[in-house]
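Following this are structure 1 and structure 2, which are two forms of one protein chain, each written alone as structure tokens.
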Structure 1
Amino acid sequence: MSLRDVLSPFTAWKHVIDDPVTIKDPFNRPGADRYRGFHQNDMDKCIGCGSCEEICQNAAIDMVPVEGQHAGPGDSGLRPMIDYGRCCWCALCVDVCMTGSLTMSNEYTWVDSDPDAFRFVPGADGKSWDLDVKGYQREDVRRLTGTTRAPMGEMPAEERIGNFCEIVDGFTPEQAVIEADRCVECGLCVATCPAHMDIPDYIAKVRDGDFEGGLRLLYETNPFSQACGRICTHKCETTCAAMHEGDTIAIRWLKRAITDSVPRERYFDLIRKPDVPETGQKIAIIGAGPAGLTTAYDLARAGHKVVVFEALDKPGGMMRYGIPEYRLPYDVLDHEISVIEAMGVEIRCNMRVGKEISIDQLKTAYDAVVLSIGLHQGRSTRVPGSEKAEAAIDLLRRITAGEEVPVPEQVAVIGGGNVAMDIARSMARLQKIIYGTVGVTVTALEELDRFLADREEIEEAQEEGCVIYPARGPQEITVAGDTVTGLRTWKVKAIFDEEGRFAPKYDETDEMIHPAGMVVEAIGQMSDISLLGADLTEQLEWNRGRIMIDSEGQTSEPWLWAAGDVTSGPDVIHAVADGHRVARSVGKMLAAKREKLQ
């Protein structure tokens, strides 16, 4: 040991005359401006997504109900409760907060004799630091998750307009993983989805690269996952927590990525009928659309014999005959239906109830009957000359069936919904193939931002050459002899009156004539209920042209249920949800029947 080593401890004595650095009153010393102190939460900005709870590695945060906070679209109604017996003040909860509602004050002293006091709900349990400005907030440029969607290929307008090929490429597996990694698994989307699909869980499967596991999850709640991965209205994305930071998660396209990434032959290995005993009970389903086939899927998997009666040549309902192939390829739909048939569902096409077989025969031969007939008839504007108009839904059916349809060089479409866009874009393709140019005009009562069509449908129609005239009301379909020559419209001043009733008002001085050799009406659809017969039609209860049902889908007749468009309007995912609900109700009735026989 050297002399220096011996003397080194004594060198500390040189500081004996320095001023002390000990804080005489540590409890009143302010924290640094960005000190990570006690939590604050803006209750109005918080959406209860639970990302803070999910990221906390010490389990110091629990999402709890709070008086005055109610669940609603995009808000779980829950708020974070902090346990300072576990918190390490790492601030990851603040960094991950999707809305920026959760922050930390620079207050760091809190004395209380009750240990339970240190478990509190910031923003709900008032504290002295609630309004403090200083403290730790996430910087605007910092994000723990990506803010923009992964890029996805799409056929350019100039290429797609001359054919009916699918437009969207879909995510590659690599792109899907990147997009899935943005999800914080908050689950707000689940409550918004009519079928309550396990969205966070199947997105997690994508992130892990387990597409087969994701497929199993999809088919637990949606036997039309391939279709919904393309055409779902994806309302779930409107409540996605990611929208508070940037783009919402591409939930619909991630669903498609799962279904596209699994070879079709593997579906039959992954989605098997449960090993349940056959009940011997039989159910007749009228209509092979998404509601009817979902009902059939569930009931067949429960051991029942299910027969579906379809009036048209092929199953699929409005998905096949109302949605163009460039949005939903028919081979995709065929494969989807084959999975349902593999559960033991029998589909009899070209069997129109009321013609080939009566509904009374079905009532007698089956334990239950489910009506899911869709909306295959168009509504009319009833303006002068409307008897010369074509119904959009009829044209779409004929195009799908490969029938010849008239294709003039100029077509005018009345309507601002998805069906209007579908027929406008379909006619534009046929015009491009025949004439090399597009001559489609779309008119609607609403302003463009009020159109019922999906925004992407409107934008793609415009890209393809369709000309849209918003706020134009049809007054007359002009005719020369027996030939349609155009559509006369007036500027719309108001659609509804002061009491909210439909009563359009027009500016008669603002008139336009839209030249057209065909006018197509796409202002709504209705069901063909003639199959019910006069007696049953009178016995059933109705509400504004739709069959009235109870909360489980049962009509006023104890043997008859109804689901899908005929009860809730056109939307595939709602039809799927209806199918599940009706299957549960029918299943309960059949179980009660079996119990009585035992």
Structure 2
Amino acid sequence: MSLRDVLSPFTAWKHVIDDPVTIKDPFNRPGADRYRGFHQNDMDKCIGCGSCEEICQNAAIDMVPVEGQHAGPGDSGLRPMIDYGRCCWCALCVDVCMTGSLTMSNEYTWVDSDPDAFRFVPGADGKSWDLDVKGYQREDVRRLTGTTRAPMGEMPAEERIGNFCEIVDGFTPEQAVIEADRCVECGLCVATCPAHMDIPDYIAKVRDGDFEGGLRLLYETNPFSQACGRICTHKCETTCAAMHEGDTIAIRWLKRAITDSVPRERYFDLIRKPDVPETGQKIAIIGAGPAGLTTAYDLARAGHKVVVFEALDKPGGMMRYGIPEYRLPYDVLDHEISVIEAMGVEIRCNMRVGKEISIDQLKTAYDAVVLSIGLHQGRSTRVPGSEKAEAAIDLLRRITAGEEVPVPEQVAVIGGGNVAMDIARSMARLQKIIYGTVGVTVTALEELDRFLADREEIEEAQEEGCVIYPARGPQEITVAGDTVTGLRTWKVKAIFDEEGRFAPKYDETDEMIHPAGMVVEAIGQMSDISLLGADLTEQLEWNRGRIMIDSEGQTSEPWLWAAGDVTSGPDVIHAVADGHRVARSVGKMLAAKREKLQ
């Protein structure tokens, strides 16, 4: 034994005056900073998507209604209730939480003789640790669900501007599966979709590569899934749980991926008319747009005879004559409508009600009539010279119909909605084809971020060379002799007055002249209701210039229903939802009529 071995134990004495490293009060010692203790949940941030319940491997979480939380856009109103008798504190729920609302405090000591006290809703049932800062929070290095949208191929502006070819490539099946894999299938989007499509269910089909099963699901709620997969206003994506901490799921493109992946001839095998007896009852539908044809689809599948009267050359309504081909190719629409016709729906084109046949004749010959005539008349600004202006909707129809339209080198468009972008971009294409350059200016009352048009429409229009002047109010369409020379605008100071009424105020000193050989008004549309005739117009009840309908789409006349843009709007998916509602209402009336006869 060396001297060092004898002395070294005494070196410990030098610590005798140090603070002890042990805990003085072991009964009140805090957990470690990142300890996984009882949960905290920020009630305002939580959206009730239930991903925590879904991932819990101990079935410890229930989603329950909570006082003060209500279902609404992007929030189910439910909140997680945790059973701490089952919770193993693994924190998978915190890791998967779509908003980051769910965290864990470092509090873990709590004694109670009532076992049910350990079942509660964190954040709603107040606890002493609710505001504790310490505890487990997601590290945010990686996420269990991907946060980035699968990329979408698109024709670049310089390639697409000289033609009307479809711009968006659509997902390949492989890309679609990757994108679908990000969806947590919470279903918050379903409430936002006007037609309440089974979004998580068809996304699950994409993820499993079962595109045919997906197509069947789509047709249960929407016979215009091909169109909607391309041009839907996709409000569903504004309430997607994924938007809180990443890109929303590309719901619209996934829908399109399903419809693109199934060969066209297979549609007729997958979407079959149900085997139901013919009722012998007949329905006339006026207007072959999305609302009318959805009604027709439902009613034909229920065994009724349906005839659709269409004033124009071809069916499709605004989807054909409003939406340009580069957003929705005509062959897609033709195929979509052929599936509806395969249900036995008869579409008679070039049959303008009020001209070739009267509405009274329809009333007599059919058990019910559905009015789905859309909004095909452009509204006018009524500024001086506006009688020389073109209506956007009229121009779009003529372009689709292949009619010759005048294409001056400079065009000014009034309006900031999707129709304004559609006509601006269509005219830009025609100019490019004729002159090799684009000369389109778009003016609208709103600031750019308040435009009604979809963001991507605005961006794509700008990419294609359309110049946008926001917050400009039209004052005059300048004319020299018989020809339009331009548009005079003032800067907009305010669009609405204090009471919120439309009353634009202008800065008269800020005047601009936009030179143009054509001015197009795209400030809204209205219905051409002349087909109703004076008597029926008088009989019907009206609401601010629109036909009044009940919640099921029935007018004040027992034989007449109305659906689509003519009563509600503003897009295809609302029209589809209307169509379903009206079809059910008409179906109920027809069933009652059959019962009476028996």
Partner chain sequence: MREILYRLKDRYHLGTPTFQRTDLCFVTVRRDEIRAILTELRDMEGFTHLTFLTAVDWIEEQLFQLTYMVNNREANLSLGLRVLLDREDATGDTIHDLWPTAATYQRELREMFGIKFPGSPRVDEEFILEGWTDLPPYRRDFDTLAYSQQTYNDRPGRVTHDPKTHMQKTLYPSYPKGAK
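In this text, the rigid core denotes the largest set of C-alpha atoms whose superposition between the two forms falls within 1.5 Å. Just so we're clear, the structure is a prediction, and the values are computed from it rather than from any experiment. One-based numbering along structure 1's sequence throughout.
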* Asked: Which of these two chains, shown alone, is the form predicted in complex with the partner chain?
  -> 2
* To do: Return yes or no for residue 88: a CA shift of at least 2 Å between the two structures, with the rigid core superposed?
  => yes
* **Displaced residue check between the two structures: residue 33, CA, 2 Å or over, core reference** => yes
